[in-house]
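Heads up, the chain below is alone and in the form predicted on its own; it's given as structure tokens.
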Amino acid sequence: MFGLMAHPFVPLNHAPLPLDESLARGRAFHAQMHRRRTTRHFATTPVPREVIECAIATAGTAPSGAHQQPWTFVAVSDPALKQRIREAAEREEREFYEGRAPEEWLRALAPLGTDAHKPHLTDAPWLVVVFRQAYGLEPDGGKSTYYYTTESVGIAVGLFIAAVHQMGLVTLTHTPSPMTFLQELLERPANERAYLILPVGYPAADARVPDIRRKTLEEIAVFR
């Protein structure tokens, strides 16, 4: 029925829901996620490791090209290592804001109030650095092709962000450019590429967010 099968198949464990329950769950989830906001103001309150483990495990349920799961989540809580990451990131950010960034990009960032100063990298109790596995490594040292790695890791990151919000925490997608320093500082293998940094923690008591709006359903959806 499904052509050549390299792996055994098992029954799908998924029970359809009545329409009213399906809509109720969907609307409740949307309402909760609509309250999600990105902040750069983190409390230094500790977050137990098991909370981060749960968010990473949720991210690991994401679909991926050929089920190759080309992601690595490196969770950093060590203050000294976070400080080194911050120093390296701020060096790259200063070069970006002071020279590499085109004016158009700087104008787009202006309403968000971002600059080269990144205290969230040391304030947040956890930095979760996501790496994309550009290719696989065989036991004999050879390389194997991985497919749709960027798309797969992006989906996993989305699930991670949703899980963090569900647990009452906040996060921020931080992408200093370039990010090669992360591979060195975190001692990652040659097949991994830094994808982004996700500081995770509780919001500071005085946390603020930009006064922005999300596009409406009518602006983002087309039904044919």
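Residue numbers here begin at 1 and follow the sequence given. In this text the structure is predicted, and so the values were computed from the model without any measurement.
What comes next is about the form predicted in complex with a small molecule, which is not displayed.
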> Do heavy atoms from each of His165, Gly201 and Val209 fall within 4.5 Å of the small molecule in the predicted complex?
Replying inline: no
> Going by a heavy atom distance of 4.5 Å, is Pro176 a contact of the small molecule in the predicted complex?
Replying inline: yes
> Do Leu137 and the small molecule come within 4.5 Å of each other in the predicted complex, heavy atoms counted?
Replying inline: no
> in the predicted complex, does Trp105 have a heavy atom within 4.5 Å of the small molecule?
Replying inline: yes
> Would Lys118 count as a contact of the small molecule in the predicted complex, using a 4.5 angstroms cut-off between non-hydrogen atoms?
Replying inline: yes
>> Exactly one residue in Ser77, Thr122, Thr72, Thr114 has a non-hydrogen atom within 4.5 Å of the small molecule in the predicted complex; which is it?
In response: Thr114
>> Tell me which stretch of 141 to 149, 79 to 87, 128 to 136, 106 to 114 has a heavy atom within 4.5 angstroms of the small molecule in the predicted complex.
In response: 106 to 114
